[in-house]
Ligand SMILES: Cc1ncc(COP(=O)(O)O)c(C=O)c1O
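Before any questions on how it binds or moves, here is one chain, the form predicted on its own, in structure tokens.
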Amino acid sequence: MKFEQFQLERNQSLWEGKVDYNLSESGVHPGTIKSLFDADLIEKIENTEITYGFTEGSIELRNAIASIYTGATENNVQVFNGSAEANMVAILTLMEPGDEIVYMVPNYLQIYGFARGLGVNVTTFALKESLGWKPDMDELKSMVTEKTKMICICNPNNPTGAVLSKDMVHGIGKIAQEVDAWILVDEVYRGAELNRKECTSFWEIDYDKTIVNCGLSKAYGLPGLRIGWSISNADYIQKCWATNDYTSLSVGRLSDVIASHVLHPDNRMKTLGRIRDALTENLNIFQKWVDNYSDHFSFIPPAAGAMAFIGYDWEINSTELFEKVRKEASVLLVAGDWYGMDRYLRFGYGASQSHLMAALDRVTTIFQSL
């Protein structure tokens, strides 16, 4: 068992505390407990015993999560320390060395690297910029065979912010069902749509071998809580719970209390509304900046999330350009190389407006020199 270096995470960890401006994040700048929550919740937090959390998530939290997905109950939900743990546990629970995964790219490459480290064979299908960062469905169908045990999707997509149509979601479901393959879907950006309409969840295809993973880090702007979840059929939930007994065991008690409040049906859309407002304002700022480089950039504005994936035509490798921006402007971006796509950069535009504008001013100097 040998894991390749996770370049994106390693470079963020190395440099995020050593630059003046961090535009490598893909979520909205988080608030504080005092700025986000009312006195009643703060008092509840202050009077909650700091004991072990519930290994499957509290009943209050699982009911709140289930309410997001039509027809789901608490028996369809397992809570994790972030969606990253939900992804890892899914691979540990279902995959064996030699099994085959068909994997969407570009994508957050955690599942890709983790599965390969366990001896799983991973083949990729590409989103097409010419199709608005959507897949060629015929190409995907041709790649999925009787050997395919799992199809891995990220929707809304990281890093492009593209969103699959309802027809594509159901089309992928049909492709998986034809070969009895699992569908593992990262929906951590669902809820952060710029048009303020939640995109179709893969839960809606009503296929037992679907696992939807999500969490509070991105669309909800609460990464420090480290709350994620899987929603799937009750049998899989029992199996992944058993796997989780060997990983982190449970989420933090205080995180569970806060997440139960945030995801309660009375509160959830208030949080998402605040995030969408911030994204809309910041994307307008970012788009005006991009327009200054229209001769050099290719850019399809994101439909969801707090990240922008931009192609460029300068004769410089994306990791080299990342290093140049970091060293000369003290701004952290994400190199397209880390997604296997040179001549692209990912900008996080979810920072505070003052931070975003100051960082873009710094980067402007670098790009003018090119």
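Residue positions are given as counts along the sequence shown, with the first one as 1. Because the structure is predicted, anything quoted here is derived from the model rather than measured.
The same protein also exists as the form predicted in complex with the ligand; that form is not shown, yet it is the one meant from here on.
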Within 4.5 Å, heavy atoms only, one stretch in 137 to 145, 188 to 196, 245 to 253, 94 to 102 touches the ligand in the predicted bound form. Which? 188 to 196
Are Ser26, Asn87 and Cys154 jointly within 4.5 Å of the ligand in the predicted bound form, each by at least one heavy atom? yes
Is Gly82 close to the ligand in the predicted bound form, meaning a heavy atom pair under 4.5 Å apart or at it? yes
Can you tell me whether His170 touches the ligand? I mean in the predicted bound form, with a 4.5 angstroms heavy atom cut-off. no
Would Arg116 count as touching the ligand in the predicted bound form under a 4.5 Å heavy atom rule? no
Proximity of Asn282 to the ligand in the predicted bound form, heavy atoms at 4.5 Å: no
Could you spot which one of Tyr207, Tyr108, Trp182, Tyr293 gets a heavy atom to within 4.5 Å of the ligand in the predicted bound form? Tyr108
Pick from Lys149, Arg276, Lys239, Arg226: which has a non-hydrogen atom within 4.5 Å of the ligand in the predicted bound form? Arg226
Residues in 213 to 228 close to the ligand in the predicted bound form, defined by a heavy atom within 4.5 Å, in order: Ser217, Lys218, Arg226
